[in-house]
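Next up is one chain by itself, shown in structure tokens, the form predicted alone.
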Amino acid sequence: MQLSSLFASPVLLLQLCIDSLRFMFASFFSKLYYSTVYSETISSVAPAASKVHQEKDRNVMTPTSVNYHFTRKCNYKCGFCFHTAKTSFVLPLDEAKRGLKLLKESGMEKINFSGGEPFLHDRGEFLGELVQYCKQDLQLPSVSIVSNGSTIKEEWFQKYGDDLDILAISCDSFDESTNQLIGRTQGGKSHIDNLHKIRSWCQQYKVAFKINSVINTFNMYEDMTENILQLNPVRWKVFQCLLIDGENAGEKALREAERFVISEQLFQEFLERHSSVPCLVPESNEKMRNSYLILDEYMRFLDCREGRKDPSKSILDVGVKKAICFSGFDENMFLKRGGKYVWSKADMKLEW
């Protein structure tokens, strides 16, 4: 068609204008539609993705209460010990403090120092430095120790007692001959006399006193009610003897604890016999195996679910969040067994 004939026909000219306008509007609304759909899709996906990340963060375990076995060395030879002297390694003080700071930054509220025997290394000064650092520098609500009590001196309380919330002394029997059979003894010293001496120091220096007992074939029929009531600890932890391959059972173990193990029924009978003791806190093997966060001397979390101690990588190398994923820790069981309690001596309202 020639240009002259196009201009000569008003109808064709009008049709051309209408078609052009249609194309422009169609293009505009198409872009607007897809832009709106894309925005709505992104806005719906973003909260979902955010929710997934939040859920993932919630699933990261918090090291609320940690047991740091910084040494394996011990002067006792308890036949059922499940953290034996397989090495003599102890971290340098600065490295130990660095690890404790990482734990605090990840949510730790309570630290418990154990061993081996924690008062052996550097005659208790290393332990005292860690206690002081955790309370004064890290401002932890609770700092505690588990010890056999054999090497504790009053001078230690004078220097570090203010910064210690709880001192737990292991005592499996109030019969000296039974302690001898178990291996909780050294030379001619009386473990029971020492227990009472430390109890009086705790009272004098305002440290909450606790007793830990492992129930086994040598003490399962003993009635400790009168002695426990007399000592009046804030807690009396009663454990069922536990086998750990490579520690107190198996070919590579330094102990042979099979002869100490009792059945669940006998453990329950012991608990029933002591049910009148108000401070009794029972812990069966089921509760104990995966409800504790245990750090070894290299600051590796130990997974005990398979009946042995499988170490994670050290928190000093990979951080707390990565290491704790391999700990086997069951937070629900930790709470179920009463792992979180009034653990700061400032909140216990004790009569000193």
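Residue indices: 1-based, along the sequence shown. Given the structure is predicted, the values throughout are model-derived calculations rather than measurements.
Same protein, other form: the form predicted in complex with a small molecule, not shown, and the subject of what follows.
Taking Ser106, Asn179, Ser142, Gln240 one by one, only a single residue has any non-hydrogen atom within 4.5 Å of the small molecule in the model of the complex, and it is Gln240. Among the residues Phe82, Phe157, Phe209, Trp236, the one placing a heavy atom within 4.5 Å of the small molecule in the model of the complex is Phe82. Listed stretches are 110 to 118, 126 to 134, 264 to 272, 91 to 99; the contact stretch with the small molecule in the model of the complex is 110 to 118, by a heavy atom cutoff of 4.5 Å. The small molecule is not drawn, but in the model of the complex it has a heavy atom within 4.5 Å of Arg184. None of the heavy atoms of Ser173 is located within 4.5 Å of the small molecule in the model of the complex.
Among residues of the shown chain, Cys325 is not one whose heavy atoms approach the small molecule to within 4.5 Å in the model of the complex. Contact check for Ile198: every heavy atom lies farther than 4.5 Å from the small molecule in the model of the complex. Each of Val146, Asn248 and Met288 comes within 4.5 Å of the small molecule in the model of the complex, counting any heavy atom.
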